[in-house]
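Single chain ahead, by itself, as structure tokens, in the form predicted on its own.
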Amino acid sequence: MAGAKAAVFREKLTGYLRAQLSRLEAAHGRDSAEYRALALQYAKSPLEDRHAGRGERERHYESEVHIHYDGKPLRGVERLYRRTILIEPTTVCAAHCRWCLRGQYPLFSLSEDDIVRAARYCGSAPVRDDLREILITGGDPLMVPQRLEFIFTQLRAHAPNILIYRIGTRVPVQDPERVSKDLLGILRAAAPAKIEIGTQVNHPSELTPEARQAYAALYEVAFKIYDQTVLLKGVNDSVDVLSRLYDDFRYMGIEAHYLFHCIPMKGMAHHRTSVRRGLELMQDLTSSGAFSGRAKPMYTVMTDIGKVSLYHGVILERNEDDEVLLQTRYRVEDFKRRNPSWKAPASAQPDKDGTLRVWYPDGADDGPAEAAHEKR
């Protein structure tokens, strides 16, 4: 997850990813599913200039989630959920995933003073009574290991109530050599807190020998690695691909956590399937005996008020703008208690019981899923 500069989300690949694209092209050709599975994720497409209009987002949710502490806003800190708080030490990534949640966020890195204030907030009364885990994301926190180490020291000093440090990263599949002995030593320094690694792998071809070695090394310091795959048109919107991917996770010890419907980010409509297509895939995956039930993810969308997993009774209706109305169990009073400045977005309204219903823009199953095919 990386920020844009001057509203331009430039193409960015590591040397490792360029080498993988060259290898896949030589082995299978540029029109092969194997090559396109990687190219569609990283190659900037002219389709990004086509905007779908209504429903597209500049940011991945529209509700106000910023936190104030001692009368001042906390930079790079967000809170949507009771037990979990999010901190973004940097918006820099090894590579730019084209559908990035924070692709249009401004570039920034937190200072040491920012991190100290965030840690003190996490351990303050009455916040400490609820918070039990922190999600360190961005950007990619493994790109700034020294800053990550400083976060650990401040949390230990000011917020011992935080028992789990979750770290979101794609470094193992984008630049696996960064998972070094020095980095592993920094991650070990989080003790006695537990480390969880949240990652994102979208196609089996990403699980190269180098990537597998990087994940195995992370298991030396993490008590759990979990995956949040994004459903992408032309990449993994098939039962065969997802079955192979989740089989690989099972044997690598990676928990298949979420299968995310691709968020309606500006200019990224060509990556998005319909919600219905995702539901069909989940039914095939979970109700066919195709692979072990221990490897099944939750099919989830990110709405303007937070994540909602899709199952019977969640989708209530569809409107003329091709949005689906989702029933959640989020409550206005809970948001207000966690963050007094929170305001409900226009897409969400409380029902008669005080729980929120939220409109979510659907995707489409027709239309192109296109990669840039220029020589690299």
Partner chain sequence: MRKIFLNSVLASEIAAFLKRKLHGADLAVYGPCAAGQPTDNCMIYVEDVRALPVSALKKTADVLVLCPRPVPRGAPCSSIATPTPKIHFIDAVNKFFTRPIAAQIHPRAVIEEGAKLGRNVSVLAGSYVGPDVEIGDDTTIFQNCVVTGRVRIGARCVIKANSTIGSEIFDFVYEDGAWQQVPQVGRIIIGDDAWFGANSTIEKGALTDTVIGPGVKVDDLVQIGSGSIVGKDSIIASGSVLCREVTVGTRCWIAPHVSILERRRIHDGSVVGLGAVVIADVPKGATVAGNPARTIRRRKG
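What you are looking at is a predicted structure, and each value in this text was computed from that prediction instead of being measured. Numbering follows the first chain given and starts at 1.
Another form exists, predicted in complex with the partner chain; not displayed. Remarks below refer to it.
Interface residue among E149, D247, D114, D130, judged by heavy atoms within 4.5 Å of the partner chain in the model of the complex: E149. Out of the listed residues G234, G123, P145, G306, P145 is the one that sits within 4.5 Å of the partner chain in the model of the complex by at least one heavy atom. Across the proposed site, R10, S109 and D182 without exception bring a heavy atom within 4.5 Å of the partner chain in the model of the complex. Though the partner is left out of this view, I87 does not reach within 4.5 Å of the partner chain in the model of the complex, counting heavy atoms only.
Contact annotation: E220 falls outside 4.5 Å of the partner chain in the model of the complex, judged by heavy atom distances. Though the partner is left out of this view, E177 does reach within 4.5 Å of the partner chain in the model of the complex, counting heavy atoms only. Although the partner is absent here, M302 sits far enough away that none of its heavy atoms falls within 4.5 Å of the partner chain in the model of the complex. Comment: 136 to 144 is the region of 158 to 166, 294 to 302, 259 to 267, 136 to 144 lying near the partner chain in the model of the complex, near meaning a non-hydrogen atom within 4.5 Å. Residues are counted as partner-facing when one of their heavy atoms sits within 4.5 Å of the partner chain in the model of the complex; in 83 to 99 these are V92, C93, A94, in sequence order.
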